[in-house]
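Take a look at this single chain, the form predicted on its own, given in structure tokens.
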Amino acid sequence: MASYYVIILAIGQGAALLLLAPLASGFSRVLRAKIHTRTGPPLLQDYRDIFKLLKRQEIVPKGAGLIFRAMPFILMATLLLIAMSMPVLTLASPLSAVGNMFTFVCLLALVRFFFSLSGVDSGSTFAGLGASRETTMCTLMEPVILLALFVAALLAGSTDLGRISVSFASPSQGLIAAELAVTAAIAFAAFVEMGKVPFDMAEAEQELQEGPLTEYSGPGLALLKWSVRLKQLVMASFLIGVFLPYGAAASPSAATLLWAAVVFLIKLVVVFVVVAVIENSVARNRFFMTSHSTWIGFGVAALALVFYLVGL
């Protein structure tokens, strides 16, 4: 594939996910409202909120430093790089130099690092509390993602996300149990990273998932809100593109990419519906009980490793 074609595909994929992120978040909010039998916000409400914030004045706390000011741009750029490098419409990664499982984990950790550090750098005690909780979630979830991706790399014989996607699209080793367990572990990690109940609450988002955003306003807050929505879509797309790649284009062309886009949107709707049902079917827990739930994901990832070692 010509290098310019790869660059166009990567930029197009990243731009499409960026534009779809508020729509996916709005769809999730509509589903939650329907399950609760209430009207809820309009489907395009997130776009309206972002555009309103972009027009407002930005107020920076007196004690805030460079990290606080730069974080919205760092967060958006890092998530866009992840979005451009994942296999979504194609089995191969559009940016093979970045589409590696170690790079993916490092970029995801970089997002959490700057997100948490900005809360501390704002000088706000409340934002600092949200930052500490964000760091705790990072400590709990990174082992799950690393172990699951390690087993996926063993199954594919490569750490390249494209090779892993090809392996899960046409399994040749017969290790069905290991592949199902890896997919379940990644699905669990994606659910947590998307900030859903019981790991986050819509009524207390400034205290939990979005705690470090407390002191942001105006265009900075708009970028961060957009980035949080993009992260949710990126995690769902990562699950679909790498571990549920059925329908993705093996050889990119206009027809195959169009079909892959249709299949991807259908799978995305199914994922968000399942997430909404699960989110509204579980009880809310106290934050210190979170570690009791995240052990489930690590246990499933460890079980996947056992299945691989015994050849199941």
Partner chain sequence: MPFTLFSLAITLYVAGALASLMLPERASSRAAGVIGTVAAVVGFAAALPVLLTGEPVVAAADGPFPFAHFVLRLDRLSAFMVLTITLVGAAVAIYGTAYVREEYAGRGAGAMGFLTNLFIASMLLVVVADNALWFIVFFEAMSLTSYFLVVFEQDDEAVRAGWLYFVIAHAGTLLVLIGFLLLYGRTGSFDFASFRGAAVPAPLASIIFLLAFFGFGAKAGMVPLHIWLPRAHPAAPSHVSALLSGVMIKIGIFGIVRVGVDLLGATTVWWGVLVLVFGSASAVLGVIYALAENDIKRLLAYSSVENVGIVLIGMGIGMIGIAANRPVLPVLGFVAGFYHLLNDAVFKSLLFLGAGSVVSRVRSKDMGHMGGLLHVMPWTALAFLIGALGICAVPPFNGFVSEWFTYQSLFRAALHGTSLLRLLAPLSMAMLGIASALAVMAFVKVIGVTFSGAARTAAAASATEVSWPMLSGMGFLAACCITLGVGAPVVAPLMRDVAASLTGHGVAVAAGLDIFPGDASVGLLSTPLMALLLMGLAAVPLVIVGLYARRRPRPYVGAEVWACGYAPDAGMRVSAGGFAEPIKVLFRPLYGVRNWAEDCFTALMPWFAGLPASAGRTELLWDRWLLAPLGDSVEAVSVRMQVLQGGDFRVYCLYIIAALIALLIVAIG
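Positions refer to the first chain, counted from 1. These figures come from a predicted structure and were not determined experimentally.
There is also a form predicted together with its partner chain; it is not shown, and the following applies to it.
Although the partner is absent from the chain shown here, none of 27, 33 and 251 has a heavy atom within 4.5 Å of its partner chain in the predicted bound form.
Its partner chain is not drawn, but in the predicted bound form it has a heavy atom within 4.5 Å of residue 114. By the criterion of a heavy atom within 4.5 Å, residue 51 is counted among the residues contacting its partner chain in the predicted bound form.
Not displayed here, its partner chain is approached by residue 18 to within 4.5 Å at the level of heavy atoms in the predicted bound form.
Residue 8 falls outside the set of residues with a heavy atom inside 4.5 Å of its partner chain in the predicted bound form. Out of the listed residues 273, 282, 66, 266, 66 is the one that sits within 4.5 Å of its partner chain in the predicted bound form by at least one heavy atom. Residues of 145-162 placing a heavy atom within 4.5 Å of its partner chain in the predicted bound form, in sequence order: 146, 147, 150, 153, 154, 157, 158, 159, 160.
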